[in-house]
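Given as structure tokens, the chain that follows is alone and in the form predicted on its own.
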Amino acid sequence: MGSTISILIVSASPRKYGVARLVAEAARRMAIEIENVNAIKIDVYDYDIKPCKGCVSDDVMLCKVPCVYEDDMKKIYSVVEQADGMIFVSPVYWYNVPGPLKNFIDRLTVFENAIFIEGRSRLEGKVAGFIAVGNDTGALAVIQNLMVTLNSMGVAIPPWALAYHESEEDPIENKSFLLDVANVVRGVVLLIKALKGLEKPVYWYRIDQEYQRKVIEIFTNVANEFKKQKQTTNT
């Protein structure tokens, strides 16, 4: 019998072989292969997500499900609502997230604003983790912005909920980053289980040798696949 826990991994990379997509795919596989939960991923660059038009600023009662826009968020909303948790994987665009990811987050307001329409935010009690990758500083600014926004929407944040890489070095060579990514996935899953009353975590951050081996193996396999994809794209 498959797991009843479902995680949505949201990345934001304009390049099909981009690092954010690579990390998102590794996180998806770790959720499935190590944590034994259901996981799907989307990249916001693959969808038409219009900027929020700010209905709530005219009248709080106007911001409600369904959103007034007819775009790809219509189908993404159902995926978000069905997920128990979300993991955001973002590059660093001048100390912030790329525009399409900002559009996605702003458009989640229709779920948060349900607290005024339905009495409860539709995001309340979901769990989130955060990963940022960049060649320069700014990753923590990305993560703190995401954290405060999602928590303000009613989302729960577990221990060890962040991982970041700020260097021109290949992230795959950064073992600490790889383990942090894996533990973001683990932390999100553990908190979901705890909130559902399925399991009380004994410890959160995992670092044993078998765990490290599995994490590195998954990242290596995904990196090799993306390397081939990049070579194909650039030829």
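Since the structure is predicted, the reported quantities are computational estimates derived from the model, not experimental observations. The first residue of the shown sequence is 1; numbering continues from there.
Beyond what is shown, the protein has a form predicted together with another copy of the chain; the following relates to that form.
> Of the residues 195, 68, 40, 61, which one places a heavy atom within 4.5 Å of another copy of the chain in the model of the complex?
Among 195, 68, 40, 61, a heavy atom within 4.5 Å of another copy of the chain in the model of the complex occurs only for 195.
> Consider residue 120 of the chain shown here, and say whether it contacts another copy of the chain in the model of the complex, taking contact as heavy atoms within 4.5 Å.
Yes, residue 120 sits close enough to another copy of the chain in the model of the complex that at least one of its heavy atoms falls within 4.5 Å.
> Are any of the heavy atoms in residue 36 no more than 4.5 Å from a heavy atom of another copy of the chain in the model of the complex?
Result no; residue 36 lies far from another copy of the chain in the model of the complex.
> Does any part of residue 82 reach within 4.5 Å of another copy of the chain in the model of the complex? Heavy atoms only, please.
Result no; residue 82 lies far from another copy of the chain in the model of the complex.
> Should residue 177 be classed as touching another copy of the chain in the model of the complex when contacts are defined as heavy atoms within 4.5 Å?
Heavy-atom contact with another copy of the chain at 4.5 Å: absent for residue 177.
> What are the residues of 147-161, in order along the chain, with a heavy atom within 4.5 Å of another copy of the chain in the model of the complex?
The stretch 147-161, when checked against another copy of the chain in the model of the complex, contributes 147, 148, 149, 151, 152, 153, 154, 155, 156, 157, 158, 159, 160, 161 at the 4.5 Å heavy-atom cut-off.
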